[in-house]
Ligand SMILES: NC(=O)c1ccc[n+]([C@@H]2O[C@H](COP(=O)([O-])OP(=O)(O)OC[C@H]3O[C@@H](n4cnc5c(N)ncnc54)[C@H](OP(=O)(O)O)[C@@H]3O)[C@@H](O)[C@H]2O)c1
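Before any questions on how it binds or moves, here is one chain, the form predicted alone, in structure tokens.
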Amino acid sequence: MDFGTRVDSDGAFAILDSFVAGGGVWLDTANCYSFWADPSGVGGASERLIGAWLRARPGMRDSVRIATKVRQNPLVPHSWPESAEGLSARAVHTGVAQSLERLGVDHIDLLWAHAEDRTVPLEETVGAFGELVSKGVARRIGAANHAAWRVERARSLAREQRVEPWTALQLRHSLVQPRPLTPLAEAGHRMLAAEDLDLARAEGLAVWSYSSLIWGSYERVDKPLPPTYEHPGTARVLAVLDDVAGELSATRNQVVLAWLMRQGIDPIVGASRVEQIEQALAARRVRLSDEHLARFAEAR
């Protein structure tokens, strides 16, 4: 997210090199990253940096898969959400064309609808995404921050239109949870809910989680959990987390990532330093038992 803004090219290149060297494959970005941190007031910096890295590493495109998103990039600098591009057919096609140019690639391996756009008929959005797949511009498509019923409705419309349906979900999720029914401070974020997992398991959809480590809050004293996480369940879960991490000789972050993966959820990790990506990749070696999962469930 911060590549090209808060993380400069040297730092981002080092992180990407370490990620691939450690067996990493998927790079998840968005056309709007990170307009709020860019003096230009619009996105594109992350995609441009990844494109520069691909050009500097001949043959690397064959080793990585790229996911990006359309919907949230401001069309007017410093004007969001008022000028966010939306999910009309024109916005989707224009946004993807610009992403391809910034990335320097001829296709996107997984294209996400970054958020809902209820000002546009869902049929139009579904048709636009399906057309991109039929043209080979997108290999797969998914929905981020969408209600489960909207995803299922979109999949039904795709069947009617005989186009490729959304086959992946991306939602915010982590081991600790905010207080129920408490609005999140982060605009546009949508928490993963039980019905999302029900839909994914019934339909065979992939599930990706973002903010998996809550911006470092599990381990960094300078980044406490947001106020919405202040409730008794959080303290209980963190106590179990410390016990399990000690038993497995792992870090808190690694146990959280292992907990997500154990449930078939692919966690997205944002890194600003090489050691952070190395720690995250090591989570693949952490093995949680059914008993560990039961202890976490009881604490929540």
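Quantities reported herein were computed from a predicted structural model and do not represent experimental measurements. In case it trips you up, residue 1 is the first one in the sequence shown, and so on.
If you look for the form predicted together with the named molecule, you will not find it shown, but the lines that follow are about it.
Contact with the named molecule in the predicted bound form, judged by any heavy atom within 4.5 Å, is made by just one of 126, 92, 144, 111: 144. Comment: the named molecule is not present in this chain, but in the predicted bound form one of 78, 223, 162, 118 has a heavy atom within 4.5 Å of it, namely 223. Contact check for residue 103: no non-hydrogen atom falls within 4.5 Å of the named molecule in the predicted bound form. Proximity of residue 270 to the named molecule in the predicted bound form: non-hydrogen atoms within 4.5 Å are present.
Within 4.5 Å of any heavy atom of the named molecule in the predicted bound form lies no heavy atom of residue 18. Within this chain, residue 9 is remote from the site of the named molecule in the predicted bound form, having no heavy atom within 4.5 Å. Shown alone, this chain has one stretch from 229-237, 27-35, 258-266, 55-63 that lies within 4.5 Å of the named molecule in the predicted bound form by heavy atoms: 27-35. Interface residues of 205-221, taken as those with a heavy atom within 4.5 Å of the named molecule in the predicted bound form (partner not displayed): 210, 211, 212, 213, 214, 215, 216, 219, 220, in sequence order.
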